[in-house]
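Next comes just one chain, in structure tokens: the form predicted on its own.
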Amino acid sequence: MKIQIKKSTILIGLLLIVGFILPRFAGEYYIHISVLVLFYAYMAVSWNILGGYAGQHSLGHALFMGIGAYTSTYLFTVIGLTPWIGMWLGGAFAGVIGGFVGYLCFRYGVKGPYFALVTIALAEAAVYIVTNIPSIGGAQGLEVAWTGNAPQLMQFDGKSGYYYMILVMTIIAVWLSSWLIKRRFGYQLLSIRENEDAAEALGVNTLRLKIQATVISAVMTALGGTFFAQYFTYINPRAVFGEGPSVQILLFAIIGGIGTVWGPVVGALVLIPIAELSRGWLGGTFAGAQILLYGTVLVLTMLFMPNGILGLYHKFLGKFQNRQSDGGKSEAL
């Protein structure tokens, strides 16, 4: 009996091998870029469960990122609780907030652009609330005390440790995203995205499913917030609750291919190196050049690839397969 191995499985295996051996050959700067790619890929995958699969486009997902970052950092700074535990407490807190926000919004029919506006407002409100609480750093934020190479405290000497950590987190997130979309839960989320009224008519509990998607997405995003705090060792309200992280998180999913498993990863893999390398090469000579280049790529992608990079790939792949099948029919005739 022959064992058939899909090309996608081989590709994923090769990417994992390259990913695990990369730090042995790359310098600290390129490891840093790789960390950013994986981090934003992870965050975009987390957002994609709610925004891509369920079609509920949150524009304030930094709310959950900030909750995770501040919860673990505060517990570590004040009582010395390891972030390995604090990240799960932050995830639980974000899940509760996400469930509450989801219930209020979806129970009373807030969806589409109105849901997006509500999430923006909540994230912005969090910025001002946290800014005015001196016990958690206020406007100055919180600094993560450096204790040296202490893996038990989620602190590593060099960037390789952080790289492997976010690599594992991203692999788990992609696997979970792939697993969910192949289950009844995932198919029901897609039905809500395509036509919520029709889904309800067929007996789908849209309220419960959207709340569940919000909770899952919030917990995952909060875990990423803890990683952000530990990697950069400093957070402030605008850096983790502000509009910047919220927009970046969803843009990578949209550019790569919203509602797909690998779209968020592809989006981060393409855009982060462009932004970071252009900042390093052009930032000192042409102030703001990297922002212009980054914006140009975004505009071109939205104009010529409305379904994202993966959408364009599947479009050309479908045309190629159709040509092959037509050629085979002609030869048979």
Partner chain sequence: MSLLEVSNLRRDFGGLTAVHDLTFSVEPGEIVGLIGPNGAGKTTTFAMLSGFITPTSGEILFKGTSINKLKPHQVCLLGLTRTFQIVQPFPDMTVLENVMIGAYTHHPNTVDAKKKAMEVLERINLAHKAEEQGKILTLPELKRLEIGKALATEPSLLLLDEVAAGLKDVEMEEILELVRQLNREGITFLIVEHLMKVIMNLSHRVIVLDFGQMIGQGTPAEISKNPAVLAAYLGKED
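Only a predicted model underlies this, so the values are computations on that prediction, with no experimental measurement involved. Residue numbers count along the first chain shown, from 1.
Quick note: we don't show the form predicted together with the partner chain, though the next part is all about it.
Taken together, the three residues 188, 195 and 204 all lie with some non-hydrogen atom within 4.5 angstroms of the partner chain in the model of the complex. Between the partner chain and the residues 199, 97, 165, 154, the one pair within 4.5 Å by heavy atoms in the model of the complex involves 199.
Segments offered: 177-185, 81-89, 141-149, 224-232. Contacting the partner chain in the model of the complex at heavy atom distances within 4.5 Å is 177-185.
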